[in-house]
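Below you will find one chain, with nothing else, as structure tokens; this is the form predicted on its own, and questions on how it binds or moves follow later.
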Amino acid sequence: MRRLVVRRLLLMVPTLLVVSVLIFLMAEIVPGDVGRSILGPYASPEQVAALNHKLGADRPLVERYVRWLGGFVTGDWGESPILQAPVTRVTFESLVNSLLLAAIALVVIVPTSIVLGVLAALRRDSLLDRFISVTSLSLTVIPEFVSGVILLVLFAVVLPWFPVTASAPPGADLLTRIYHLILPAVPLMFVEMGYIARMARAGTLEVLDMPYVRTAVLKGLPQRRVVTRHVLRNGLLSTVTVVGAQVGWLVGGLVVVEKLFNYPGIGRLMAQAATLHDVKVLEATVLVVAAIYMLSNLTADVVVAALSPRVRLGG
């Protein structure tokens, strides 16, 4: 287990280096420049050029990349010329907001999806199985911006049970912030719950056909004990991997939901940085999301290794 964790952590370094090169190159080919974004469309080309020179945006590409990467590694992420604020502060404030939204969604998604998937597998080809399968598939194909608009109109406008915006008032306590995030979390539950439930069903069905499970049933063990002691431990390995992969999306891929509910998450910050050509913020947010994605996958692999001796022992 220790070798697994150390090896994966070491592999993160070159991976993040490649990601940094790719995101730097892609940020450079985005149309527009930071000087024009700051001064506006009516500034003269000379004024824009002077500001770009002051910000170092006209320096050679390699020099800019080396300077940015050196500052990023040492913790000096610079200051956003658009937001007029340190990149570190705006990045981690948005990251905390996205992590809170993702945590609220995952608290409901993971246990509910696993229970539904296991129930569907245990009642294979029954009416309950068909209902869960059809419902989960239907929820998965609904885009989050469609369900988000419907929920927003229904439960925030027609029935004012929830606030229109996901942003809590300044100084609000944790419960108030969670209350504001309930409605934005529901579209995420629709998309993820169906996917994870179908994975849990498939993994459980595969294990139920194993000889050792049939042997446990023939020995007369109660179904609850067979499921908890023999089925879940092995049937949910693929589900754990899927959940780990979805954490990265829940943190950095919620641009539509965050814009729809006016929530200052890191996905919305990335979209804003790309639109305004705020290269420093764009590069920092993408690298942070990439690191979270890798760490969530590493956590899922550790959980799988803890559940499966074959994985833990390198089999």
Partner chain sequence: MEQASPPVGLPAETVVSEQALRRRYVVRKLLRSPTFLVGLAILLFWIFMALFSTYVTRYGPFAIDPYNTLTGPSAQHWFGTDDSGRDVLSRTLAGARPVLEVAPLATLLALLAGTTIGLTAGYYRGIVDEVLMRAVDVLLAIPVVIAGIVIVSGLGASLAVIILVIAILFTPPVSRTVRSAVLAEREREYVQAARLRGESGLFIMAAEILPNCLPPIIVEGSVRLGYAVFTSATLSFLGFGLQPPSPDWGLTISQQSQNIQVAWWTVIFPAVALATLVVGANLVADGLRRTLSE
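Here the structure is a predicted model, which is why all the values come from computation and not from measurement. Positions refer to the first chain, counted from 1.
Only in words, not in the display: the form predicted together with the partner chain, which the text now covers.
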Item to check | Check all three, 195, 270 and 289, heavy atom within 4.5 Å of the partner chain in the predicted complex | outcome: yes
Checklist entry - Can you pick the stretch from 68-76, 91-99, 148-156, 109-117 whose heavy atoms fall within 4.5 Å of the partner chain in the predicted complex? => result 148-156
Checklist entry - Is there a non-hydrogen atom of residue 51 within 4.5 angstroms of a non-hydrogen atom of the partner chain in the predicted complex? => result no
Next on the checklist: My question is simply whether residue 19 lines the interface with the partner chain in the predicted complex - judged by any non-hydrogen atom within 4.5 Å.
Outcome noted: yes
Checklist entry - Even though the partner chain is not shown here, does residue 300 get within 4.5 Å of it in the predicted complex, heavy atoms only? => result no
Checklist entry - Does the 4.5 Å heavy atom contact test between residue 265 and the partner chain in the predicted complex come out positive? => result no
Checklist outcome for this item: Those residues of 250-267 with a non-hydrogen atom no more than 4.5 Å from the partner chain in the predicted complex are 251, 252, 255, 256, 259, 260
